[in-house]
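Okay, here we've got a single chain as structure tokens, the form predicted alone, with questions on binding and movement later.
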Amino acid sequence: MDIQFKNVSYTYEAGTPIQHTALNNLNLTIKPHKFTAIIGKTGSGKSTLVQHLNALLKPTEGVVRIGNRSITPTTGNTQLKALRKMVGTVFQFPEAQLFGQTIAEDIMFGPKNYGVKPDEALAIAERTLKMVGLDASYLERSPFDLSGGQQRRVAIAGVLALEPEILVLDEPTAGLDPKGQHELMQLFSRLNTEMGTTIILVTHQMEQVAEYADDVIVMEEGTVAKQASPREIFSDSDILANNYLNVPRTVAFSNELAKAYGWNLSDMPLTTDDLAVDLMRYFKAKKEARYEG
């Protein structure tokens, strides 16, 4: 199901002297089953945008459509329960929302709130805990006895327990070491490729955008500055400069090779694997040219 924003504006503290418009007549479409990254400088409207996806915020003007469901300024909260099961959200430091005495209690809370029987909810908790890399032996442990990285996995398992069709990730790897970041991003990638979950990622880490995203939305002053593939975005020097966005390290490295040695690689290498392939092709072509000469 498509996600569509039609002429959406959102104003914080509307009607007061400190009102601030965070989204400004926003129009965009996010395709289903894709991994979409949303990037832009601080204050561009990224987090405000994704909070509209499960109606944590409702538009001041316009309409958000998710499949056949619409969110407007007048949508009542009683109409949103099914939508909030469909759209799971992982905010920065989700472990701060843990509350259960046991991990099982925490993960089971969502399914039970939607009418799932306790035995089935426990089975869901065990399954989703395994998905995030923790086994059933953790179920009866207190979430507050775990490391910060393990707590985050438990919090994510609680979101996945509702089996959302759309998973919104707002800086989900903030504060984790590189290994923990990679493991979580691999989990989100598998959910997308193996289960068809629509992933929407807000991030400042361009390497994550380059490696995982199918589509990229660049936000600027509450509207869409550009929506395109990662390769198109990172090839657009103007959009990068105007929004203070860096290129992935592999792109920066290949640019330095071109400047220092005149090596012009055939493709823009978005990932380390891309860079390795491009370098092999470059040296093979140079070797063949030398033999022919």
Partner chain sequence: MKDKMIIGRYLPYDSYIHRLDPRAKLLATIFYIVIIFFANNLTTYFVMALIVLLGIHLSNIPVDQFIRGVKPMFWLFVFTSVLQMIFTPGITTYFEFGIISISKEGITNGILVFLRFVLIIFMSILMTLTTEALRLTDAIEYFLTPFKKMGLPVADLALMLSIGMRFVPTLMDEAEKIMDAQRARGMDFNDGTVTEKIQNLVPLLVPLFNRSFDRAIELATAMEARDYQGGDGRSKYRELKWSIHDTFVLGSFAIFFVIVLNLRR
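As the structure is a computational prediction, the values presented were derived from the model and not from experiment. Numbering follows the first chain given and starts at 1.
Form predicted in complex with its partner chain: not shown, discussed below.
Specify the contacting stretch among 173-181, 121-129, 193-201, 157-165, defined as having any heavy atom within 4.5 Å of its partner chain in the predicted complex. This holds for exactly one stretch, 157-165.
Kindly confirm or deny that G76, Q227 and E232 each have some heavy atom within 4.5 angstroms of its partner chain in the predicted complex. Not one of the three qualifies.
If you check in the predicted complex, is K117 within 4.5 Å of its partner chain, heavy atoms only? Judged by the heavy-atom cut-off of 4.5 Å, K117 is well away from its partner chain in the predicted complex.
Heavy atom to heavy atom, is G110 within 4.5 Å of its partner chain in the predicted complex? G110: yes, in contact with its partner chain in the predicted complex.
Contact with its partner chain in the predicted complex for M185, defined as at least one heavy atom pair within 4.5 Å: yes or no? No, M185 is distant from the partner.
Since only the chain is shown here, I'm wondering whether R84 would be in contact with its partner chain in the predicted complex (any heavy atom pair within 4.5 Å). Judged by the heavy-atom cut-off of 4.5 Å, R84 is in contact with its partner chain in the predicted complex.
Given that its partner chain is left out here, which of N54, T60, N243, T48 has a heavy atom within 4.5 Å of it in the predicted complex? Of the listed residues, the single hit is N54.
Could you tell me which one of T72, S142, S189, Q97 places a heavy atom within 4.5 Å of its partner chain in the predicted complex? Result of the distance check: Q97.
Residue by residue through 1-21, tell me which have a non-hydrogen atom within 4.5 angstroms of its partner chain in the predicted complex. Counting only heavy atoms within 4.5 Å of its partner chain in the predicted complex, the contacting residues of 1-21 are E13, G15, T16, P17, I18.
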